[in-house]
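Take a look at this single chain in structure tokens; it is the form predicted on its own.
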Amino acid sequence: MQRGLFIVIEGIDGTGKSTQARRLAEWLVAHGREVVLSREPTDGPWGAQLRASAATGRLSPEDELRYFLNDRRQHVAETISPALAAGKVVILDRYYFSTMAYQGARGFDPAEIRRLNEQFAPVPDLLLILDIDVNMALQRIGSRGDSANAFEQRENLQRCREIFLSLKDEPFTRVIDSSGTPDEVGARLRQTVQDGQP
């Protein structure tokens, strides 16, 4: 049986994570792999409350972090670990690195957030950080018809980007320039995954 492969796609809002996660999943399926494509926050009870809070007003920093941890515990237990054990490829659109970035920008220590998560959450085989300038990210958020929510303010995104880029020297991390077209960025991702697979 092929061993499972765990790929996480991260980056600030507007970098194209959801589009690229879907395209990468389709490409891997076309190459014969069984793929589980998922996202965080999930659609489970904790994740649903977090998603709603983006529009209705953010939770307190402490509650927000607790909800993320609860959502992720459930996600790992019910989706991520079983899929990896079955030899599937798991592709996540956001994971605990986003919690490090976005809750880190609210004043929590990113290293402590990481420690709390890695007590139960598996480390990915590949962390693909899609990176663009904050001004371009905000242009993209605007061009899709959205107004920036509480998670997407300039100062917040700049701090989040800094936290994501602080992970660039991890052996499993690859930073991908996502300033090009979706096709160009997709080609970079596919090449990186090909190069990085065991």
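Remember, predicted model here, so these are calculated numbers, not experimental data. One rule holds for the numbers: they count along the sequence shown, beginning at 1.
In what follows, reference is made to the form predicted in complex with thymidine-5'-diphosphate (TYD), a form of this protein that is not presented.
- prompt: For D131, is any heavy atom within 4.5 Å of thymidine-5'-diphosphate (TYD) in the model of the complex, or not?
  reply: No - in the model of the complex, heavy atoms of D131 and thymidine-5'-diphosphate (TYD) never come within 4.5 Å of each other.
Check whether R154 has any heavy atom within 4.5 Å of a heavy atom of thymidine-5'-diphosphate (TYD) in the model of the complex, and answer yes or no. Because no heavy atom of R154 falls inside 4.5 Å of thymidine-5'-diphosphate (TYD) in the model of the complex, the answer is no.
Residue-level question: is R114 within 4.5 Å of thymidine-5'-diphosphate (TYD) in the model of the complex, judged on heavy atoms?
Although thymidine-5'-diphosphate (TYD) is absent here, R114 would stay clear of it in the model of the complex, with no heavy atoms inside 4.5 Å.
Contact between R33 and thymidine-5'-diphosphate (TYD) in the model of the complex at 4.5 Å, heavy atoms?
Judged by the heavy-atom cut-off of 4.5 Å, R33 is well away from thymidine-5'-diphosphate (TYD) in the model of the complex.
- [ ] Name the single residue among R140, R51, K168, R66 that comes within 4.5 Å of thymidine-5'-diphosphate (TYD) in the model of the complex, judging by heavy atoms.
- [x] Looking at the other structure, the residue within range turns out to be R51.
**Prompt:** Among 23-31, 38-46, 169-177, 131-139, which stretch sits within 4.5 Å of thymidine-5'-diphosphate (TYD) in the model of the complex, heavy atoms only?
**Reply:** In short, 38-46.
- Using a 4.5 Å cut-off on heavy atoms, what residues in 96-128 are near thymidine-5'-diphosphate (TYD) in the model of the complex? Going through 96-128 in order - heavy atoms within 4.5 Å of thymidine-5'-diphosphate (TYD) in the model of the complex - the hits are S98, T99, Y102, Q103.
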